[in-house]
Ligand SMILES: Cc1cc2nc3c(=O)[nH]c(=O)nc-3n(C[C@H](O)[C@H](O)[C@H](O)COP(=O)(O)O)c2cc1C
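As a starting point, one isolated chain is supplied in structure tokens, in the form predicted alone.
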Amino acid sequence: MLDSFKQAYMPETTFPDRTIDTDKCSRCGRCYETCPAGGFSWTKGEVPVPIGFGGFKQACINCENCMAVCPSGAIALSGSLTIHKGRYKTYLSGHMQPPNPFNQEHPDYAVIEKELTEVERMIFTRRSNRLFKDKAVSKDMIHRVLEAGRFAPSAGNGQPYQFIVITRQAVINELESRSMTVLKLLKNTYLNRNGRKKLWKSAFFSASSYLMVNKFDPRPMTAMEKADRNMGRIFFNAPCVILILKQKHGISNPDLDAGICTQNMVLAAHAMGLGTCIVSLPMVPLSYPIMAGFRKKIGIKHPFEAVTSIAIGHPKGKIDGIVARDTPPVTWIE
């Protein structure tokens, strides 16, 4: 238990090895723009450089989205992200592989793709999108996305959710700026600008992890830094944001129901050629008293509260594509 306490803040982590082929690189900066962790530095016309910051040896969550959006195939990742000890120890196998629905020894997606259902292909190729065109999403398309959510399964068919659709950019910006007031304070306190741990931070964040273990994993801190560097744009200049609210008194597990609903909406959006990114960073600040006026402004009333949100729009260039994923353990009881 003592070791877990010691390893709750800035735990020992092995990051994937990221390399960029300078001969192939088009110097477009798409990897820099799309990385959710702010894991690249880039100057226009130059080759991006993988970086770490604030105590992180590398700022990478191993999503491989940089590889998916690279137009020239210049980026390679090897290895997996592993937190070795403590509260946030990873329990994945470290075995990275592309989609392998037929449990082959050496899966080749290009070969098996034709054997997959349309739904499987959408699941395996969908990527989180952070590069949007300056183009509105039609109300008809938004309605189709909402309908996919409405028909998600829920406990007792209770459908314990509501949706708030925001297409007014000023309101999206206000949600971002109000949320960033809280998020900047948290991440600036968490990160170490000189890369050195401070004893008081270890004590504070270790104790906090015991009170709210899901809120103090180190990885979201990089997303907060990315948003801060991007002028507070948490939603990546998406033309539409959909908030998914849960009814707190819903049957059984309304958070789960809201999550299933969100996944339905995301898959439907990508099937129509839209891009999405599930964004939960603003949800905790949105629940605080400091944002009570904003909640009233956009129509969040008891007994509902925001669970997550979807940034949605037309993708800028190719976003969806095949990546490798780490492998969770599977126990077969036959």
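Numbering starts at 1 and follows the sequence shown. The shown structure was predicted, so the numbers you read here are calculated from the model rather than taken from an experiment.
Omitted from view is the form predicted together with this ligand, to which the following refers.
May I ask you to choose, among Ser280, Ser287, Ser41, Ser26, the residue with a heavy atom within 4.5 Å of this ligand in the predicted complex?
-> For this set of options, the contacting one is Ser280.
How about Pro36: is it within 4.5 Å of this ligand in the predicted complex, going by heavy atoms?
-> Although this ligand is absent here, Pro36 would touch it in the predicted complex, with heavy atoms inside 4.5 Å.
Wondering, does Met291 line up within 4.5 Å of this ligand in the predicted complex on heavy atoms?
-> Close contact is absent here: in the predicted complex, Met291 is far from this ligand, nothing within 4.5 Å, heavy atoms only.
Non-hydrogen atom contact His314 with this ligand in the predicted complex at 4.5 angstroms = No, no contact at 4.5 Å.
Any non-hydrogen atom of Lys246 within 4.5 angstroms of this ligand in the predicted complex = Answer no; every heavy atom of Lys246 is more than 4.5 Å from this ligand in the predicted complex.
If we take heavy atoms and a 4.5 Å cut-off, which stretch out of 204-212, 125-133, 69-77, 101-109 is in contact with this ligand in the predicted complex?
-> Among the listed stretches, the partner-contacting one is 125-133.
Counting only heavy atoms, which residues in 206-242 are within 4.5 Å of this ligand in the predicted complex?
-> Just Phe236.
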